[in-house]
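Next up is one chain by itself, shown in structure tokens, the form predicted on its own.
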Amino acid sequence: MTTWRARVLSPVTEDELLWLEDALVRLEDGLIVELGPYDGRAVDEDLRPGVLLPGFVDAHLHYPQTRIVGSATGPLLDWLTASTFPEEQRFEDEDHAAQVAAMFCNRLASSGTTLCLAYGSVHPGAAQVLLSALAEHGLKALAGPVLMDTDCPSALQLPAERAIPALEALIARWHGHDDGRLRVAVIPRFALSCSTELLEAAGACAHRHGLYVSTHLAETVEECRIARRRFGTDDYLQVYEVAGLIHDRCVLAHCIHLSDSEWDRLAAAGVSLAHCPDSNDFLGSGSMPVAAARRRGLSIAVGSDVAAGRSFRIPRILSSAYDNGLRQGVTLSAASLLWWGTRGGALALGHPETGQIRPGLEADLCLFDPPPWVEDADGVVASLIFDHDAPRMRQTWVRGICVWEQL
């Protein structure tokens, strides 16, 4: 049992924040078992003036791109050719993959991220390395190799007859590891790098095992045009629908250039969105129409989209999400932003046991040190999200176990 004294900030709903200026937090067996105003009891540690927050959730990022953050600007398809694909070819070397995996996990934990959905390279061996590193570092994740078999360098093409058995082996080894802390996801990169056969095989694999699916959708106008032409569909979303990939365990990244019909069908299917505003800006892809998603009640999480996204820090991405909203005529509240980056992200990734600070949930937490003059929730949010020079987290915990501490 561990008892702390701390300041606490947590989303309650998308419209409400919990702020406790002086709180008692008690943990037991990895769970939060008590939360309330400090009552004078002895504590194991006084974390003040730090602010205890739920661990952040990154719903979309690329592990093989860890070392190329800021390497080039867009547009997307040119950036893939110039920066991403050459780097991802290096992940055939599992020693290289292991070095990057360790860096990747450290960057997540030091940023206060406790749960992520991570895309690998096409190499099953590199995915094995990543999952091993995530297990060792104590983080929560959905992860897997990207699936690609066409229109990319030949070294990054893996046909369905090889890719799916390799994915099945990863599922057998890792899915559900450590009481569900690690899960395997089915990740076709996007329609432009997948044949119809591979997309359908991916959909069937996800259905067999009840797995989450993630891919990119409608990031650029050019991508949409090529997808419609290649697959002969009425719109981009239909490519994935036909393959059986669109359902309530699907997390779609970007979703910028969609028709009203596509938005309606996404809502009807119960998919979740991984909003990636920083990478959208960096590559010049456009602004996600947040009002269209909210009006239809779609679940929204945020993704750093490293390396087109320029930071692992989810609060920095939430700042970009706020700016994206303003461009769309939507002013997002502090509660909405924090919800997207914590509880909303956890629900989108199928982890209802985390994302808030309240009794009964797992103690996935981070500790932030705002400036000494910050005395209320508004000030904490301003420092956390909008001050881009704010320090990294002081400490990060998953299930009550410290996975990062600033020395």
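We number the residues from 1 along the sequence you see. Keep in mind that what you see is a predicted model, and the values were worked out from it rather than measured.
FYI, the form predicted in complex with a small molecule isn't displayed, but the following is about it.
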- Query: Hey, in the predicted bound form, is Lys140 touching the small molecule, heavy atoms inside 4.5 Å?
  - Reply: no
- Examine Thr84 and determine whether its closest non-hydrogen atom to the small molecule in the predicted bound form is within 4.5 angstroms. yes
- Proximity of His123 to the small molecule in the predicted bound form, heavy atoms at 4.5 Å: no
- Message: Using a 4.5 angstroms cut-off on non-hydrogen atoms, would Arg183 count as touching the small molecule in the predicted bound form?
- Response: no
- Quick one: which of 106-114, 161-169, 302-310, 91-99 gets within 4.5 Å of the small molecule in the predicted bound form, going by heavy atoms? 302-310
- Item | Contact residue in the predicted bound form, from Leu337, Val239, Leu80, Ala202 (heavy atom within 4.5 Å of the small molecule) | Leu80
- Item | Sole residue of Tyr212, Trp174, Phe190, Phe282 within 4.5 Å of the small molecule in the predicted bound form, by heavy atom | Phe190
